[in-house]
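Before any questions on binding or motion, here is one chain by itself as structure tokens, the form predicted alone.
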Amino acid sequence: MTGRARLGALLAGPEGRLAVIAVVVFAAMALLSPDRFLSVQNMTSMAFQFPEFAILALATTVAMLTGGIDLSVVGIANLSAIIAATILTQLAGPGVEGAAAAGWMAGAVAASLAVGAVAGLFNGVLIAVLGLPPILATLGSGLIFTGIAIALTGGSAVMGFPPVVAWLGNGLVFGIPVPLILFALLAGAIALLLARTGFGLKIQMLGTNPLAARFAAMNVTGVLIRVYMLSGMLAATSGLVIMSRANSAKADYGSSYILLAVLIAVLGGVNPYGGHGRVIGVVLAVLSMQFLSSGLNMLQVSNFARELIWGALLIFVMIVNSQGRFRPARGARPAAPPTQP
């Protein structure tokens, strides 16, 4: 195989294209600002920063694989973080230490995940039982979750945690940031779920052809509800990381993360029409976006211009993918040409 043929084969798949994009973005930012971008401090900072929106991208990915979408992940993250923060400030207090602090932290994490699961159940019922379009159902529910969070806090930040809370978002284990370890564990678990379990196979079958899934006697309602509960729990985990890193919880944290999460999922090769997508693609997309975001920060590009760039990139990737294999999978597919006798 010639070099040109090898390059063509590499770029044929979304993961290959992403690997090339990640390398190009990294090299470009390294050339534009070598002293700052390649510094150990910047690499460590990136390892602490990207897991909070990368976990949200995993939450969006599992919903998108069914042919739906979850636009409420930021609202769920903030609401679940505020519930955890309220437990840690009102019941535990900033002065608690040792085993008591670890116990309160475990309770707050459990309560946060439970909130995420209930919020996901709410989304699942709206979509699977009441038949609402996922984009509208989760857009509305996201506003509800944010409204509840504002009602609970009055729009103010909740602060005053025990010191143990900072470990989740700012701690190190053998020199590796804890948020990075958490993201790696979750990404591995989701990859195994999708590739090695019957539930993962049902998710992709449902996204590929929901009509065929129903004819195959699949419990579509149950699958969708479990998917959105999983998405809600992943969003709650991201909320805990954000709370720990910011040392506070607030109803409007991470407002730009929803666009970033959708962009990462689409850039990572997840079919917006459902049925296809791999976690490795999402991981490569996360790295590409973090390199780009860090480089834009160093080049002093404003937040408004950054969102413009992300939006343009999202449209560009969808146009590129629409010219390839990511065509609508719902409904009738083109019939295969008959074989010659």
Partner chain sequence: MTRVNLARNEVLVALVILAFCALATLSDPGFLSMPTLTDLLRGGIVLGIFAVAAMLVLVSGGIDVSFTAVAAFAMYSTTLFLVTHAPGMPWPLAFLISMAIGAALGAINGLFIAGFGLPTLIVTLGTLSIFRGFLLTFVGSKLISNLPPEMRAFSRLMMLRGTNADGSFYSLPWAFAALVAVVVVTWAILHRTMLGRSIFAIGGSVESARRIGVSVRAVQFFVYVYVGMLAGLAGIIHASMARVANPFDLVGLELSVIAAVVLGGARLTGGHGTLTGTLLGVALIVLVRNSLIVIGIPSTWQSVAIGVLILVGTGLPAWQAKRAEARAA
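Quantities reported herein were computed from a predicted structural model and do not represent experimental measurements. Numbering follows the first chain given and starts at 1. Take the two forms, superpose them, and find the largest set of C-alpha atoms that agree within 1.5 Å; that set is the rigid core.
The discussion below concerns the form predicted in complex with the partner chain, not included here.
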{"property": "Proximity of A84 to the partner chain in the model of the complex, heavy atoms at 4.5 Å", "result": "no"}
{"property": "Contact of L287 with the partner chain in the model of the complex (heavy atom, 4.5 Å)", "result": "no"}
{"property": "Contact flag, G140 vs the partner chain in the model of the complex, heavy atom cut 4.5 Å", "result": "yes"}
{"property": "A27, heavy atom within 4.5 angstroms of the partner chain in the model of the complex", "result": "no"}
{"property": "Options 40-48, 276-284, 55-63, 310-318; stretch whose heavy atom lies within 4.5 Å of the partner chain in the model of the complex", "result": "310-318"}
{"property": "Answer option from G222, G147, G93, G103, heavy atom within 4.5 Å of the partner chain in the model of the complex", "result": "G147"}
{"property": "Selected contact from A217, A195, L185, A151, since only one has a non-hydrogen atom within 4.5 angstroms of the partner chain in the model of the complex", "result": "A151"}
{"property": "Members of 101-140 lying within 4.5 angstroms of the partner chain, judged by heavy atom, in the model of the complex", "result": "F122, L126, A128, V129, L130, G131, L132, P133, I135, L136, A137, L139, G140"}
{"property": "Core-superposed C-alpha of W310 shifting 2 Å or more between this form and the one not shown", "result": "yes"}
{"property": "Core-aligned CA displacement of A47 at least 2 Å between this form and the one not shown", "result": "no"}
{"property": "Residue shift check between this form and the one not shown, rigid core fit, V301 Cα at least 2 Å", "result": "yes"}
